[in-house]
Each structure stands twice: as C-alpha cells, then as structure tokens.
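Shown next as structure tokens: one chain only, the form predicted on its own.
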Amino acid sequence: MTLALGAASGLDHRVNSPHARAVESALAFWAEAGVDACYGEEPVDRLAEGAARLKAKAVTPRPAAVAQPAAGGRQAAPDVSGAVEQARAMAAEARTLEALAAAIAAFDGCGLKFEGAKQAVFSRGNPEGPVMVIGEGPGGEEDARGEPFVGKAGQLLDRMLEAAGLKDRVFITNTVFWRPPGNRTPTLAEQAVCAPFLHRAIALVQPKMLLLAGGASAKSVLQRDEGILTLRGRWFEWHAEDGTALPALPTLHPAFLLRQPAAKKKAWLDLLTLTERLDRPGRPD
C-alpha cells in the first residue's frame, strides 16, 4: 500500500478555498481515526469482484436437509408420497365430519403438526351450506381456539359474508390443518399431504360451489401457477377423483385486505359474483 497522508502536507495552504479546507479537514479526521492509506498499488474493479462473489455463492451446493426428530423421538414427517397414501386411507374411512376431524387430529404425516402447532384446526360453519370457503392455513388465533378464520382476518370475512347474505350458508376450512411457523405460507408438500382430508370434506359436505380465499388456496386446489390477482373473480372447475366437478371462484384473502384496504372492492365484487350464480333461477343443483 502507498502512504497517502503525506499528501496532506503537500496541500497548498496558500489556497484558502472552502474545498481545499474541506479536503484537509477530512484527511486530518481520517489520520486521527487510524487510516494510513487511501489507495492501493493497482486499481481494483470492485464490480467484477462483487460479481465473482455472487457467482461463487450461487453455485455453492447446499447441505442436504436432514430430518430432525420431533419431541418424543418421532420424525417431523415421512416422505410425501407415503404421507399422502396414509392420509387418503384415513380420510376414506371417515363417514362423518366428526370422524374426519378425529382422523386429521390423529394424522402424523404433516410436518406442521410437530413445528409448534397446539392442535389441529379443521372447520367451522354450516355443514349443509351450499358454499365451502377454503383458506390457506390457520394462524395464531385459530391455533389457540381450534377453528379456522377466527382472528382479525376471519372477523372481516364474516362481515363480508354477512353483507353478501352468505353468513349461514358457508362451511369454512383450509388447505392445511396446522399452523405454519410464523404464519408463513404452507408449502406445496404440506398442502399435498392434507389434500385427501380436504377432498373428503368436500365429499361429505357436498357444497354447490367453492370460494378459494387467497393465492395459496387457489393454486393448491386448482393446481394452477398464476397469482391471485390474475385468478380472482374468474370461474374455474374443481374435479374430484370420482369425476365430480364443482365451480370454484378464487378471491383475495381477508388478511391481504387488511393490509390493502383499497382491494376490498375487488373482493366484494367476487362475493357478488358468487351469490348471483348461487341464487340464479334455474341454476342446476
């Protein structure tokens, strides 16, 4: 390194301009702070240096994930395919919603169960309602009370449903039944292992329509990749394994509406679209 502070003594003190005094003051400050060099022997391309570091970071292999045993010595979750098969078998045995709720509570195939959730959160609402509302997953309030959509977002949902004349005409559930840590979005694998229980709930309730609240719900149920702002307000068909088809309408999640109040108009239009189709004269059952 080439010493540069000596340059300060070479300043032309006869030049009394504010710029010269500012430079001299800055050099004096750096000297007192312990700086003894300002430049190297050769120039360094910092942009190229940073790009090289980013490239190296991008190709650095990640360590393989290791399943951590949960409390009691059990694994957090088995492989996805095995868990799906187990969920399908347990769901098929449930002949009532009460039996389905018990099967979900006993199911150990979803890792969310062992990541801090207090209990399984299955459903609330009218089991004979013509509309099934499907959200993404329970939050903290739902985890504490054991019912979906009971926090601030759920309270907003209830007010909107009541205003649309749907208060007692909906059955409410989620794509996963345990609270994701930190209220994060559930993963596709977590939704996949819970899907047989959701499908069985649809078979038992036999709703006329599905209202999919939020992007995570719409993408999982409809198996689509578009974002919720593209999907919302459009009718799709959900197909069961037995060939049953139900109209499904994606809409914005109430939690999103709490963060973006201006978007409530879009969600309200979605509800009006649903009620118009639901109550349309001559609508086939």
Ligand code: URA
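The first residue of the sequence shown is number 1, and the count goes up from there. All of these numbers come straight from a predicted model, not from anything done at the bench.
Unshown form predicted in complex with the named molecule; subsequent notes refer to it.
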Next on the checklist: Can you tell me whether residue 177 touches the named molecule? I mean in the model of the complex, with a 4.5 angstroms heavy atom cut-off.
Outcome noted: no
Next on the checklist: So in the model of the complex, is the named molecule close enough to residue 232 to count as touching (4.5 Å, heavy atoms)?
Outcome noted: no
Checklist entry - residue 253 near the named molecule in the model of the complex, any heavy atom under 4.5 Å? => result yes
Item to check | Partner proximity in the model of the complex: residue 207 to the named molecule, non-hydrogen atom cutoff 4.5 Å | outcome: no
Checklist outcome for this item: Within 4.5 Å of the named molecule in the model of the complex by heavy atoms, the stretch out of 187 to 195, 132 to 140, 163 to 171, 93 to 101 is 132 to 140
Next on the checklist: Using a 4.5 Å heavy atom cutoff, which residues in 140 to 166 contact the named molecule in the model of the complex? It's fine if the answer is none.
Outcome noted: 142, 148, 149
